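Shown below, as structure tokens, is a lone chain in the form predicted alone; questions about how it binds or moves come after it.
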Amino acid sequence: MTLLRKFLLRLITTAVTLFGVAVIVFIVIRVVPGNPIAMMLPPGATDADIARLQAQYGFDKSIFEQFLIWLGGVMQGDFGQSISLRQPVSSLVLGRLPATLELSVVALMIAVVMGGALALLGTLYRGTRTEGAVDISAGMALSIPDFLWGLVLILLFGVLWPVFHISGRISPALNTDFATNFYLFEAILRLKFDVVADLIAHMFMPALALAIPLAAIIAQLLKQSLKETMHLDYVTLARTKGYNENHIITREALPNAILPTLTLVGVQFTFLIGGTVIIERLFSYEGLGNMAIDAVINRDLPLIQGIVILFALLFTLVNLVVDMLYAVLNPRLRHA
């Protein structure tokens, strides 16, 4: 009952958060300078043309009336029509979302593997130069933002040593008869390994650029948690039983030390999704972040609103899942 009550409370909090985000975004993007209607008009447009477009998109009403109309449409699943692309916002956003999710998941997997390996290495060789090298590497990785890592990767593996693709999501020459927009997951399920290899070749550098700073954070926190756990009684008992250091770290210390890292990974994963905006633009990756920049440039207010609401929904859902997972995995909370 405690977990169910907490879950229902978080659902209510999520709904309130999304409503607050919707109000703030709706008002802010309408009070900043710039007229989206002016960007749509051809040279020589008359006042009648301006009035017609303003009425079509509801800009002839007050902000409060516009918000009520938009909110009523959202409650029915209608986020309006894009001003620049002349298509429904919901179909545009949901069409680009799978690419961003795939990129974020791959980046998270790389970060967990890299960060976990560094943390285990630093713990196994604690007190030696290897631990110092791990700390220095993590500090350097964390001090450089992801877009700079992207530029470095483009220079290394796209120009000097052209191994990976530096733009796009998939090569146009490949057979792209996908049933969904989750290209990578679908290609894996359909055993199209040539398509999988091409998708990974396009995705690897942007995913790695996103993963490197997160891997440094994971390495630092997990290594610190492992070092604290290594002094506890049950670890000492396992050591007196004759278990080797590898067994003690991976079987005894790691399961308990990983819980704080799990919470951190969930929180950082939301920032990782937000970081795709710049990385997708840098690599011309056809995801939601790239579309967001185009929407801001074109002052496409309905599209901006739809993208921001979707990002906010992703953030709140990820945090909700992490909180519930932490409560399930932590025995003290599970049996409270």
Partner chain sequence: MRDARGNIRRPIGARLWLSGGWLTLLALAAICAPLIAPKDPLMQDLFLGRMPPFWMEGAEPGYLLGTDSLGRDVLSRILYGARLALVVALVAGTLTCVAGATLGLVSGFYRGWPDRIISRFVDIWMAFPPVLFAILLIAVLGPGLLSIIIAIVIIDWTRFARVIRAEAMSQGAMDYVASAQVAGRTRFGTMLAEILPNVLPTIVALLTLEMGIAVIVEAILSFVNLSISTDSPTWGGMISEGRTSVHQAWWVLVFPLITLFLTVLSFSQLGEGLKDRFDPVLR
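Bear in mind the structure is a predicted one, so any value in this text is a computation, not a measurement. Numbering follows the first chain given and starts at 1.
Unshown form predicted together with the partner chain; subsequent notes refer to it.
For the candidate set 186, 252, 102, 135, a heavy atom within 4.5 Å of the partner chain in the predicted complex is found for exactly one residue, namely 135. Only one of 121, 258, 144, 196 lies close to the partner chain in the predicted complex, with a heavy atom inside 4.5 Å, and it is 144. Mapping the unseen interface onto this chain, residue 16 counts among the residues with a heavy atom inside 4.5 Å of the partner chain in the predicted complex.
In the predicted complex, at least one heavy atom of residue 28 sits within 4.5 Å of the partner chain. In the predicted complex, the partner chain stays beyond 4.5 Å of every heavy atom belonging to residue 324. Within this chain, residue 167 lines the site of the partner chain in the predicted complex, having a heavy atom no more than 4.5 Å away. Look at 125-133, 86-94, 208-216, 239-247: in the predicted complex, residues with non-hydrogen atoms within 4.5 angstroms of the partner chain sit in 125-133. Not one of 6, 71 and 262 is positioned with any heavy atom within 4.5 Å of the partner chain in the predicted complex. Contacts of stretch 291-315 with the partner chain in the predicted complex, defined by any heavy atom lying within 4.5 Å, are made by 292, 293, 296, 299, 304, 307, 308, 311, 312, 315, listed in sequence order.
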